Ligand SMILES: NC(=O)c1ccc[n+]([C@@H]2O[C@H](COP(=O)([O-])OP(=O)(O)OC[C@H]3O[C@@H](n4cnc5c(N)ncnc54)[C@H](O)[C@@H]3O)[C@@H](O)[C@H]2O)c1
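Below sits a lone chain in structure tokens, taken as the form predicted alone.
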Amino acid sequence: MAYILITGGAGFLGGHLAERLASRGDRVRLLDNLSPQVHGSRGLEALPIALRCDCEFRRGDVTSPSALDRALAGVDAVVHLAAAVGVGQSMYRIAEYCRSNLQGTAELLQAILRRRQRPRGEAPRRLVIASSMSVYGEGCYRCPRCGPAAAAPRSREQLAKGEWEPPCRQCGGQLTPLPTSEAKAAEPHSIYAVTKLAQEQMALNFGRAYEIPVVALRFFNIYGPRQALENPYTGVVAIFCARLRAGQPLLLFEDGEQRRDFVSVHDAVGACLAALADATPAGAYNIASGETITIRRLAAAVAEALHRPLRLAEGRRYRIGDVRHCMADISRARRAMAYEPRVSLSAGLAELTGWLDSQAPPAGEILGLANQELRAFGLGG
């Protein structure tokens, strides 16, 4: 039995992970600030009953040294999930994202170091940190003329003209997207992505310096039951579900042919459990399903799962900071962590829609809030 601290433990992934850890007999402590954007106004009532009963909950922020010192007492390992999340929002709430993601991670590492320096040296022996596919920027591509190629960043002018596909950086030719491995150089396209890359680099360097195994999980698009439906910056699967249930059309940005990888929250939890195992080497790993789908096809799949008619709102919309294609190569996680995704997209959507039957749909005005704010700051077209 281990004693695990989960920062952001009352959130979507944190709650599922806490239940799995508790069910196998581990002691679990949660640290969460219960951000209204994620949890609404319900506060502690947002926590599933199982978490309130089986896990120790502490309300506090990862930017608080005193909250971290108390939360770290006696724990064997830390899963650091606490973060401000959202590519678009990060571009106009810059200080907030840097404070939560960068300062929060720095305070956590400093607090672990303080515990190591005490006479008895009681400190966590392993750290798992949530990173993101966004650190890559554009995924990997192949050019028929140049071979493996890097995509040139898409300019605002290119997006405004509806030229969605990024050109080859060397010859300007058309590219074919490929699965992206951890070997690809990071090229973050948003403030959120910059903070996630810095988080994992801070943690990995800290681990090497102090001989603490650190595993950074580069999660692709996680979806599943208990995702925050009232958060307008949550994942696209939840947003599509919320709009369809409210009788609203689904907004397609660009032409809807962007390729992504969607992973069930249960598989993301499995990756966290594998990362906590002593046998898993330190380093960064892609965590995804290994299957790709276009956003247009995803919209149709969500509508089918909900048994709702598919209505699309198209019109050359775009968002600054979005990437065109990013698909996962998960062979490294399979090899080093014995990670294996088990939930297909169809099965995952069926589970999600079953859970949605018991949930009230969010207020209609919430659904368009993110896009309104992006346009107000000149970040959407």
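Quick caveat, the model's predicted, so the values are computed rather than measured. One-based numbering along the sequence shown.
The discussion below concerns the form predicted together with the named molecule, not included here.
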Would you mind picking the one in T180, S264, S90, S131 that has a heavy atom within 4.5 Å of the named molecule in the predicted complex? S131
Within 4.5 Å, heavy atoms only, which of A203, I191, A82, C241 is in contact with the named molecule in the predicted complex? A82
Given 26-34, 328-336, 312-320, 342-350, the stretch touching the named molecule in the predicted complex at heavy atoms within 4.5 Å is 26-34
Give a yes or no for F253: in the predicted complex, does one of its heavy atoms lie within 4.5 Å of a heavy atom belonging to the named molecule? no
Please tell me whether any heavy atom belonging to C55 falls inside 4.5 Å of a heavy atom of the named molecule, as the geometry stands in the predicted complex. no
When the contact criterion is heavy atoms within 4.5 Å, does I222 count as touching the named molecule in the predicted complex? yes
In the predicted complex, V38 touching the named molecule (heavy atom, 4.5 Å): yes
Listed by sequence position, which residues of 1-22 have a non-hydrogen atom within 4.5 angstroms of the named molecule in the predicted complex? G8, A10, G11, F12, L13, G14
